[in-house]
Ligand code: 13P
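Quick heads-up: it's one chain on its own, the form predicted on its own, in structure tokens.
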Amino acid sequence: MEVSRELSDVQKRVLELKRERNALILAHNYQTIDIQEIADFVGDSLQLARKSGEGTGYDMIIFAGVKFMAEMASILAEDIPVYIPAPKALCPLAAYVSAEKIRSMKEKYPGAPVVLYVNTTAEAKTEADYICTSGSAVEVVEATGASTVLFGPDANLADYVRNKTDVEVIDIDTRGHCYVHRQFDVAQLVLLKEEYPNAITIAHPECDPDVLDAADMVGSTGMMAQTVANSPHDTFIIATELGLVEQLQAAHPEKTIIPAYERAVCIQMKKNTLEGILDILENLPPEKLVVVPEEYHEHIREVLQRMSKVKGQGSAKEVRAHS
């Protein structure tokens, strides 16, 4: 995303210290625009984790996202310290699946591979056979070659995969959901489509099934960004968190980007602030350093590598911030 407006004093100070600290700043698509503007890369959780793994040459990484994302970044960054501006920024969806719950399901369904959505804690990932993103879930499940898989934590994503494959997809927790994507209402979406009849509607697969049925396309945030950038259409209705909607509108001022719901905000994502990033650069607070038990690292790297061989992955966008 090209930065066209004048940067604030805090943004300028962050960029100055970023250079002095030789820091890499990564921001999730759902971060506020002021954070996206000073980030080196903006993308989804897995894309940014991979950028962490490519961070050789930097002395530190700042990851503006929720904790499970920063955990992956820390594992892949190896010897480079990873900091998170808001250590208490947790993903409620990730809380539905624990390592203990997965072990219990394995006992009920012996031999069924465990496919975990990337939105899970590092501890839960130690019980996974495969990890997927929203954009690769169908391909990853099919790549297992199994007739039955255990899947979690998002029940809507599991349902989407179930409808797209011949695999028996068993929910690790049928209650698992993203509260942001559950806010989208099919009636509101239909009204917007009537108001903007030429618009292309894109919904995230964490949305409820009736919303997905009403959408023209279903895909990850990376797919949404690529579609808006490459499509000849000039109007889009986007059913995902507002951070991406704001990003797309800023990146494509010649196009009209309409939120499917104007209050679709992830409170946890928004715990990250410019001031929190500045605090890391100024003080290196130890409580903001991401620490993942060493015994988790090898297995999580292995399942991430396994997923990387499966198609369906996007690539992070480079952000040409003022420097």
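Numbers for residues come from their place in the sequence shown, where the first is 1. Keep in mind that this is a model prediction, so the values were computed, not measured.
Not pictured, yet referred to below: the form predicted in complex with the named molecule.
Residues within 4.5 angstroms of the named molecule in the predicted complex, judged by any non-hydrogen atom, belong to 41-49 and to none of the other stretches in 54-62, 294-302, 41-49, 273-281. Only one of Phe236, Tyr117, Tyr96, Tyr83 lies close to the named molecule in the predicted complex, with a heavy atom inside 4.5 Å, and it is Tyr117. The named molecule in the predicted complex is not approached by Gln247, whose heavy atoms all lie more than 4.5 angstroms from it. Under a 4.5 angstroms non-hydrogen atom cutoff, the named molecule in the predicted complex has Ser220 among its neighbouring residues. The named molecule is not drawn, but in the predicted complex it has a heavy atom within 4.5 Å of Met69. In the predicted complex, the named molecule stays beyond 4.5 Å of every heavy atom belonging to Lys125. Counting a residue when any of its non-hydrogen atoms is within 4.5 Å of the named molecule in the predicted complex, the one hit in 164-196 is His181.
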